[in-house]
Ligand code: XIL
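Just one chain follows, in the form predicted on its own, and it is written as structure tokens.
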Amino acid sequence: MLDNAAITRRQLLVATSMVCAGGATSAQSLAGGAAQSLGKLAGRSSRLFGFAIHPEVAQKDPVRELVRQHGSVITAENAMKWRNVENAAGMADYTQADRVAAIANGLGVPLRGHTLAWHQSTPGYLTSATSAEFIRAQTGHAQAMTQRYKGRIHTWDVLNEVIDGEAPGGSGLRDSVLSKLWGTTRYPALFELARTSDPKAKLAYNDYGMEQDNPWCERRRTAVLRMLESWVRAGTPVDVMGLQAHLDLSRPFSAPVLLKFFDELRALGLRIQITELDARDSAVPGDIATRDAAVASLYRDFTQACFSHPAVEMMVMWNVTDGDSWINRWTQGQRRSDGQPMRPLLFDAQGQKKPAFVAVANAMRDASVQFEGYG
């Protein structure tokens, strides 16, 4: 869901002032350690930094070299989603998922498994299934994935995007094929299955739209906290809240609001992973320099907040360059009115560092709070 509110006056003023000042986050301002690998900079505070990749794109430069230089964790963008593995009953094809796992292994970095259960990745042959048929198929898929990659997965996104802050009746849960055929009361069973099948992997609930400061995000935060509190009370083996963090310059950002949410998650015994980070700039008028400065300002504020909290374990960008970003491949939703592609990531389409790279690198370099680990 996208909020179409206009960019705030403050964000435009900040962006304009950065450009007029010669680009406070330009590559020339990158000092000392910030010129290093982002993965190594994140490692200074015991955190990970990485990318979601498509195996074919990741085999070609500039993406291949950027992942090698900066990545300390890898996520399969689509290759491990159920529909991509099995589109016909009993016809599983792990080729693309295996390629992503091989890339992570070759780099010597951990792999995030994304995702075991998601309504949008349900194979087409199950759209008319009975509940019993769906439960049998979903269970079989989750068991097959966790067994195949057992010992190689840092964190599994066990369940993806079941929150709906606008749900009728105030349930806070999305109405979907998953809720209908698997059942909302059986969501914890997915975590129990994953823990039994791959006991060393961390288990995450993953969702979007909770990182910024507007009523829509607040309703989503409230809904996810209510769901997670019920799971924790019941002993569900959930370890991690995965915050997708598809940021948007049309919404305000508040570090205190985000950090309060982090505190509430930590109080439940959960750690936090930023799992799908990017930033839409469709609300920012003007030239590329102004747009890039506004995006960098938001990245700076967000990264500083995340790296100031001890429960935040990692930061994963959703794709590597603006050229391979899903936002610029997306055929629906928000678009720039001037027809230009968005510039949502840290590297441009040619793989060159943007002001956003400098903002993130400096925030990582300056982080003084270590990730606290798991008790």
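Values in this document were obtained by computation on a predicted structure and should not be read as measured data. When you see a residue number, it is the position in the sequence shown, counting from 1.
This next part talks about the form predicted in complex with this ligand, which is not shown.
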Considering this ligand in the predicted bound form, find the one stretch among 124-132, 154-162, 230-238, 299-307 with heavy atoms no farther than 4.5 Å from it. 154-162
Can you work out whether N206 and this ligand are in contact in the predicted bound form, taking contact to mean some heavy atom pair no more than 4.5 Å apart? yes
Look up in the predicted bound form whether N78 has a non-hydrogen atom within 4.5 angstroms of this ligand, and give yes or no. yes
Close approach of Q244 to this ligand in the predicted bound form, 4.5 Å, heavy atom: yes
Are any of the heavy atoms in R291 no more than 4.5 Å from a heavy atom of this ligand in the predicted bound form? no
In the predicted bound form, does each residue in the set F261, E313 and F371 place a non-hydrogen atom within 4.5 angstroms of this ligand? no
Within 4.5 Å of this ligand in the predicted bound form, heavy atoms considered, which of W118, Y94, Y149, W216? W118
Can you pick out, from E276, D248, E211, D198, the residue that has a heavy atom within 4.5 Å of this ligand in the predicted bound form? E276
What residues, if any, in 306-330 have a non-hydrogen atom within 4.5 angstroms of this ligand in the predicted bound form? W318, W326, R329, W330
